[in-house]
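Only one chain comes next, encoded as structure tokens, the form predicted on its own.
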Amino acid sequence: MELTAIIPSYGQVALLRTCLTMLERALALTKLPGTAIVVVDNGTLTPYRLAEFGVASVRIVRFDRPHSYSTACNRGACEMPARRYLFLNNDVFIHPEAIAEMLDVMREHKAGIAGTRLVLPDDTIQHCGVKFDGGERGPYHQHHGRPTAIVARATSFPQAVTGAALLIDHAVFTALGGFDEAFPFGYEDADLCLRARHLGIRIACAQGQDSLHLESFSDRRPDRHQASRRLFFERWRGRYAIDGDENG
């Protein structure tokens, strides 16, 4: 298998259906000889059924109770091993050409991890790379909230990219032991990327296409990141480069 796309998801059947439809189209445009989609049903009260999605090739892995994002991602990767893994949120509608661009960026720049530009419904940036501040802010999304039309399109090489749409080589994912399941919710993507950088792995962010991210549509609890945030700072404070104090 050349590429397995993994989507941890809870409920939100209509949202997931649209996510899968866009993903299937984008995978077809990669022209890879073998791709697969794994949906990790993360404890949805009424289990998902394949017939709900109308997508040709989806494998559903079921947890009977919710697990962490890290655990769900790792389980999905075990289900369908591949040369590369694409981790995708169920609230991301991937641009048809975005995955092909991410693959091209990885090949051209010899990167082990690639992210992509994500925009909010108002055409402002949700993600185009993660930067790090020296204070309590820690990791933050560069240019968040700025109009996408005024943000440069050149491929960037940040210290981290969001797990909402993250492509990673199998060898890198295996060397890292996958996402760290100690993180209950959030910051596991920044942790993964920083651990990769400590191994000398290059991280890139493709900027040519705008994929829609509804940003935490399925979980809007204001305190959902607190435990993971504490763990992240305990582990990484003082161990990453300081990018600056850019607003947004």
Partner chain sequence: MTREHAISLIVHTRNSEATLPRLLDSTRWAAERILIDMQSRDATIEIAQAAGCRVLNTPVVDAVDPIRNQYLGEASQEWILVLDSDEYLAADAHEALQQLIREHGANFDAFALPRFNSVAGHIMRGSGFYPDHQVRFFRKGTVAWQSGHHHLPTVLTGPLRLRRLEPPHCLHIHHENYVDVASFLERQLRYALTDDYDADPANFDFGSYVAEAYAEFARRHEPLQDGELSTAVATVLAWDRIVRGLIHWERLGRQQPLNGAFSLPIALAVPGKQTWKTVPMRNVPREISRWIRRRVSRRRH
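Please read all numbers here as calculations on a predicted model, not as lab measurements. Positions refer to the first chain, counted from 1.
The protein also exists as the form predicted in complex with the partner chain; that form is not presented, and the subsequent description refers to it.
### Distance check, V61 to the partner chain in the predicted bound form, heavy atom within 4.5 Å
Heavy-atom contact with the partner chain at 4.5 Å: present for V61.
### Task
Classify G208 as contacting or not contacting the partner chain in the predicted bound form by the rule of any non-hydrogen atom within 4.5 angstroms, answering yes or no.
No, G208 stays farther than 4.5 Å from the partner chain in the predicted bound form.
### Query
Counting only non-hydrogen atoms and a 4.5 angstroms cut-off, does Y10 reach the partner chain in the predicted bound form?
Answer yes; at least one heavy atom of Y10 falls within 4.5 Å of the partner chain in the predicted bound form.
### Query
Is R49 close to the partner chain in the predicted bound form, meaning a heavy atom pair under 4.5 Å apart or at it?
Although the partner chain is absent here, R49 would touch it in the predicted bound form, with heavy atoms inside 4.5 Å.
### Task
Would you kindly say which of H143, K131, R75, H95 lies with a heavy atom within 4.5 Å of the partner chain in the predicted bound form?
Checked against the cut-off, the match is R75.
### Message
So if I measure heavy atom distances to the partner chain in the predicted bound form, which of the stretches 200 to 208, 24 to 32, 187 to 195, 65 to 73 falls within 4.5 Å?
### Response
Every other range fails; the passing one is 65 to 73.
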